[in-house]
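First, one chain by itself in structure tokens, the form predicted on its own.
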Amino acid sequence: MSANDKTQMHAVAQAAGNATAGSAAHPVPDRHGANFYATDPELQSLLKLYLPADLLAHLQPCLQRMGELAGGRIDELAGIADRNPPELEHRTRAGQDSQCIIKHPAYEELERIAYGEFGLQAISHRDDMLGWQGKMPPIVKYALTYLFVQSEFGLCCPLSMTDSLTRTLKKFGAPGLVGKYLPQLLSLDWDEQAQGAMFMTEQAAGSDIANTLTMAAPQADGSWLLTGDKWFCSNPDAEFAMVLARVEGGAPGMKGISLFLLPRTLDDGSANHYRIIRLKDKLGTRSMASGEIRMDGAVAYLVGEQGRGFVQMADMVNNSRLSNGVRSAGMMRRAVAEAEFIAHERIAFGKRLEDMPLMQRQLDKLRVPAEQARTMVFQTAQTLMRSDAGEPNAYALLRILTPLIKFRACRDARKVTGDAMEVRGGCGYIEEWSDPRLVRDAHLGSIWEGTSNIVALDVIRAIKREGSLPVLQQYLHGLLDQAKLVPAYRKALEDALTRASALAEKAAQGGGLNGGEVLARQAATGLYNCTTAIAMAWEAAQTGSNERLRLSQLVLLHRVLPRDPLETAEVPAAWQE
């Protein structure tokens, strides 16, 4: 080797060493290990507004603990569980026909955290949770879930269904049925507690419940035998499931549908007569099993009044829809927080990304829908508490807020998670990071418990059947009275609400094309954006947050008011006087 060759090789090696040292000095920004509660001052501020001071003070250790886990151990476990989905075994090694879903130990550890340590499925139903004596408001459950879901989405579906099944059983079940099975659902003992599921979807029916084909035959002992296939059943090995079925000889259509509680295990300890045909290969929520169920004389028990199955199941579905909104809000928060962290840590062209005007604009476009959803979570959860307490008009308000958050927040999450991925750059497309999982999981919210069209039409149904629109208007005007806004901005909000309400009324009355149904999505979007803009302005006044007021103004400016796409969009000076 010539002296010149040796000199060149030395130069190459030195350059490689310098490059390696430079890479080590400037690693890709990694937020893993952050406390998701401690690093979210906006959440802390809002909890002070929406929760009693003594309860919030008591919950601080729990919130800090969940924030720490979500940013660390839960995040690690979620990644492992996502890469190792559950598997279905049909027979034992000895040849016995005994089905079992094999879950990865990472998923089981996540279950122990959510069900065992925090009891997220039972908070709404017990008076002795998290060291607090007395019933806690729904906001507690949703705040903890909001932190948990920032790292793990899949498990939140069984949590929600267990919570919702318990609620529906307590509300409509016969005393004997409730007394027999409720203790298992409310147990915090890992070896005793039960999980819930909802078996509703069929190939021929989908969202058209009137086409349900599963049949229910009455038995002399008061039980029923169910026969039929359910096409999409998440958490299919749950101890209990709520099932919709058509009673033999009953009325046609929706009036013939009843609601049943299906236990996995019979009183004698044997398996009930239904099988998991296969597990679904899903785009997202890979950590949690979803499957197809075939019932062949499965023993079940009537819940509530015969022939009112869908009405009773709707209570469970609406509760799950709110949970869908919470999950979407949480995923958007994670996506935004990751983008903000990267923009703060990453230096390019001699500047931090967050100091670049175009990046500042892009971050705001992520923050706005994420903060809208967060506000809607608190507003809807607070209304749920008032409705359960029997306050006048609270149920009518809840009936419109719930489909609004399910419709808009779940759709927004798909875009926010995708756009936030871009801030991380090429690394955001790599499965080692949280971005791909967030994008995949975010698409689920707008499908489960009713697709966007179904839920938008439910907004219109709430207006027509529950008289929800004037109740919403009255509520929002009450928030405006407390918001202490400058006259110009208050008028802009009032005018926008008037126009959105008129569009919704037109859709409900059947005006326009196709009897008004074609306006449902547009009307729902308008009401959601006006509701959140007003509620965020109210929050700003109560907390003294100029940032929350700014975000409220951006909602109105960019998501409600018409504007020329070739003109710059600045917040009017009159709104800020």
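Residues carry their position along the shown sequence, with the first being 1. From a predicted model like this one, the values you see are computed outputs, not experimental measurements.
Beyond what is shown, the protein has a form predicted in complex with a small molecule; the following relates to that form.
Problem - The single option of Ser234, Ser323, Thr214, Ser164 touching the small molecule in the model of the complex, heavy atom within 4.5 Å - result: Selected residue: Ser234.
Problem - Option touching the small molecule, based on a heavy atom within 4.5 Å in the model of the complex, out of Ser223, Ser290, Gln362, Gln473 - result: Checked against the cut-off, the match is Ser290.
Practice task
Mind telling me which stretch in 172-180, 375-383, 89-97, 225-233 gets its heavy atoms within 4.5 Å of the small molecule in the model of the complex?
Solution key: Going through the listed ranges, the match is 225-233.
Problem - Contact of Thr265 with the small molecule in the model of the complex (heavy atom, 4.5 Å) - result: Taking the distances in the model of the complex, the answer for Thr265 is no, it never comes within 4.5 Å of the small molecule.
Problem - 4.5 angstroms heavy atom contact with the small molecule in the model of the complex for Pro487 - result: So Pro487 does not count as contacting the small molecule.
Problem - the small molecule contact in the model of the complex: Glu449, any heavy atom under 4.5 Å - result: Yes, contact at 4.5 Å.
Exercise for the section: Examine Phe199 and determine whether its closest non-hydrogen atom to the small molecule in the model of the complex is within 4.5 angstroms. Expected result: Taking the distances in the model of the complex, the answer for Phe199 is yes, it comes within 4.5 Å of the small molecule.
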